[in-house]
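Next up is one chain by itself, shown in structure tokens, the form predicted on its own.
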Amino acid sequence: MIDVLKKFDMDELLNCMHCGFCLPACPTFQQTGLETYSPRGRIALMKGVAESKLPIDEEFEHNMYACLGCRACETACPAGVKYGELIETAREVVEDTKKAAGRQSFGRRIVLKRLFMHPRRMKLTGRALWALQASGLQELASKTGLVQILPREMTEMQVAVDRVASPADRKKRTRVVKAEQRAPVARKVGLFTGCIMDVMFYETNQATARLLSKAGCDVVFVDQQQCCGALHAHSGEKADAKVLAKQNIEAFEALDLDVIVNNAGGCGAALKEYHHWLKDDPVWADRARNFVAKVRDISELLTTLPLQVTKTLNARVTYQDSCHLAHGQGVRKQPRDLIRSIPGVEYIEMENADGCCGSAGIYNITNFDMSMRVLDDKMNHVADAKASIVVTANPGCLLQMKKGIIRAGLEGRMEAVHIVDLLDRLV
């Protein structure tokens, strides 16, 4: 137990001044008003556990996993407390304790260790989903009510899932997409495709390559790349997250790339933290820093390239920040600049645009009710913007916005679209 507790960074825990600036920024505190559902309260609980004054029990676990991990509190915190690292450590301590007691669930082990750590199995999952959709079984199950045999959370969220790419379409991908023009900028870009992203939003990855090609880049779909590890790090499985980080560093560093680009805010935040994850590893620390120095979100890169948006879009458009893009990476201006650069667009900034939508990785599955409460509040702001398009920059946010449009009765009046897909329509 002592070794487990040593994982807490006491200096970082003590940095929290308990001022309460984080409270208005925290979605779960806003929903409940409970101190234990706030960053300040959770840090107090962590400190109590680290000092052996509180047990690592089910109540502690519940309070740590009730957090969305949106990191809006980091933006609000005047002391610069690294809350994201603290909540990851707290969950790691919870999971280490459960492993020692043999209490980790079988389903969790299957998903985290047997699925997400194996790209081929993720691809097979994508094929199975396509077969389900193409055969009409998914639609039939929805119409007959058979879908109700699934857990309620999955039944609710499956309505927001679009048709995935077929195996035939996936075979058309070429490993390298050459630049359409060389002047004035030519760069060799490695595309981080992500695991869920490449299963459910394969076409967005293809669109990313097309945009970069038109902007003068050679784009490489890097073999041997893995899941970014964010899901594992956020779920207390930091050791597995580090394994995935090392595999990704090794896969990308062999190609002499100028830039490593991604189009998912959550993945990008994890990729940019590899040097923190591996800072104590003498073999990997420098390699991780070199890797991180090349990582860019797609909007960061596109705003530096001569991308020509040639078509007009006469529409009122608003933007929903990805938490891990805005709060985790500090990327706010570039996506908005790209949207404003589209001829004909009337851009409208929604209230609380950088507030969490409730997606938060798999939070909308594991904490469905709270996720929907957060989403419903977000959709009030989306509706008030009176836009016909809400743009996002993260696959989880995109699914959540699609679900939110259905819940808010805005179907037919509004669509949710990834920023890459929007630009791809217009260049």
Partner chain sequence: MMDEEVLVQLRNIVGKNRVLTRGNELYTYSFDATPIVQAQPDVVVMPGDTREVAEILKLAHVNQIPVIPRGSGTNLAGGTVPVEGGIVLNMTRFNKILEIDEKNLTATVGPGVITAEFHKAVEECGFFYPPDPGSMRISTIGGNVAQCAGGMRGLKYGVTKDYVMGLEYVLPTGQILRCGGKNYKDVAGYDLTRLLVGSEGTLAVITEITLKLLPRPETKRTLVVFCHQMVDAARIVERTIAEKIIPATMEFLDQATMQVVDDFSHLGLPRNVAAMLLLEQDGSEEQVVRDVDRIAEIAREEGVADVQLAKTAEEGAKLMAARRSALAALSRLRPTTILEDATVPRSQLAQMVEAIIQISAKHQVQICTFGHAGDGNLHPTCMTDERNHEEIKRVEEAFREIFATALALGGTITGEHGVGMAKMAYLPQRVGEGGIELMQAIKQAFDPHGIMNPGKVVAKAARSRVVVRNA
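Residue numbers count along the first chain shown, from 1. As the structure is a computational prediction, the values presented were derived from the model and not from experiment.
What follows is about the form predicted in complex with its partner chain, which we do not show.
- Within this chain, Gly361 is remote from the site of its partner chain in the model of the complex, having no heavy atom within 4.5 Å.
- Among heavy atoms of Lys53, some come within 4.5 Å of its partner chain in the model of the complex.
- Contact check for Gly20: a non-hydrogen atom falls within 4.5 Å of its partner chain in the model of the complex.
- In the model of the complex, its partner chain lies farther than 4.5 Å from every heavy atom of Gly409.
- Of the residues Ile348, Ala293, Val185, Ala79, just one reaches its partner chain in the model of the complex with a heavy atom at 4.5 Å or closer; this is Ala79.
- Checking 31 to 39, 379 to 387, 361 to 369, 398 to 406 against its partner chain in the model of the complex, the stretch whose residues place heavy atoms within 4.5 Å of it is 31 to 39.
- Annotation for 264 to 298: no interface residues with its partner chain in the model of the complex [heavy atom within 4.5 Å].
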